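Consider the single chain below, provided in structure tokens and representing the form predicted on its own.
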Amino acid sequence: MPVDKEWLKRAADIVGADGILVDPSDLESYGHDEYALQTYVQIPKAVVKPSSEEQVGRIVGLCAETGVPITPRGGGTGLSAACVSDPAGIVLSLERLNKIVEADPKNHVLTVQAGVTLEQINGAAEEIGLFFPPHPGDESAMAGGMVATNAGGARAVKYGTIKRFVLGLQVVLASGQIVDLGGTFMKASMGYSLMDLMIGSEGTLGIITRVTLALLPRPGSIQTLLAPFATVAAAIESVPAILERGTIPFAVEFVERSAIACAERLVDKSWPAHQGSASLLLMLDGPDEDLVLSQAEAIGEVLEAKGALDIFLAESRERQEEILGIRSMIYEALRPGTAELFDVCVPRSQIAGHVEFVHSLEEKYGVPLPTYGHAADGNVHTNFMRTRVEAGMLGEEIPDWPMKHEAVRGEIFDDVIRRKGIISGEHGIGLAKRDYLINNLGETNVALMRSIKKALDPRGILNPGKIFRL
């Protein structure tokens, strides 16, 4: 059954007339995520905006009955075209499911609806004196989407990805049935972990409507270290020595000078370290300031021994926020000239070699490939630029960049696989990386995924075509 007037009337009977969007001007912003190019833009037939979990179940039930493809969407902050609808389908926006269901300080637990943003989660945790460690980046990202992509971020080296903090989920299955998975308990040994199956499934197995998250005590002190190095390899190679000392920073970022210069220009602020070609940004946390400062001093000694050109300690919260603000704007600064942001993950020992390989591709293809990432967890981000980058400014468009883009993407992914890494560390597969998945995981693993998809979604209506082709 197509999404026609009759279908829309039935949907409006469930969510109300104000919960249905069909005007092309309203649909446009729901036809894409934050993927840099327009390659995967697809305007849905309609956007449906339920305001309760029960309405989600009824809409999915309607789609199951009529065979209409349904793509769940949170904040739309993804970078892999995972929330782009099927040409014949609808987008199910979860933005109205925006309630904090329960804040439980005794159990260190927060339960939220799927449309609650990362900013709201952090605020709710702070109100009860607790801390939500994961920070995937964009604070407008929503809980359901973060879980559906197993979002990571800079803090994964110490605290792990979102998966580590998910205690329970409420999920709408492809039939429209609502199930509760997990709970507020810390341990479970109860057969197959259906909850874990949903984490990272990108809305292809079920639609997440509620999330129960574990919280931690708030750190008493946070300190930020910045160390410039002559080369990217020197910066990255200092990381194992830091970790061997037994202190695990909650973030260890490496940024190339060429990338940070663009962010400086965008926000009109200055990065403290202008020496060398790359910097390490380290963040430490702990119960009290004296302990964290002593850890910072010890790590500073390691950095100096490994060739750091200088050591900067940003003690004030304002200075820390300024440094982090510049780092967080790298992608926004490069985005107008970016064709794709690669999101690979390799073993830590392979980061330097991979970055060196990336720079060999710059020379081979004559394109800028500014690179940065999470040095202690192996997650490397490379921007394929379709424009020149000079002195922090984006320049003229590069001739034949589309052909070079495909070639560079293939070579980067092949190098990652050779190094026993994966082609997505935190952004998911979606449409953008779908055709490379089998090369990375192998036919057997992908066949198992397909069989799970078929078992849970026999009609193939949940976010069809994402992750792999059906």
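In this text the structure is predicted, and so the values were computed from the model without any measurement. Quick note: we count residues from 1 along the sequence shown, nothing fancier.
Only in words, not in the display: the form predicted together with a small molecule, which the text now covers.
The small molecule is not drawn, but in the model of the complex it has a heavy atom within 4.5 Å of T77.
By the criterion of a heavy atom within 4.5 Å, I207 is counted among the residues contacting the small molecule in the model of the complex. Within this chain, G203 lines the site of the small molecule in the model of the complex, having a heavy atom no more than 4.5 Å away.
At the 4.5 Å threshold, heavy atoms of P136 reach the small molecule in the model of the complex. Residues with any non-hydrogen atom within 4.5 angstroms of the small molecule in the model of the complex fall in just one of 40 to 48, 439 to 447, 421 to 429, 59 to 67: 421 to 429.
Residue-level contacts in the model of the complex: of I351, V344, A148, I90, one residue has a heavy atom within 4.5 Å of the small molecule, and it is A148. Scanning A235, M142, V255, L110 against the small molecule in the model of the complex with a 4.5 Å heavy atom cut-off leaves one residue, M142.
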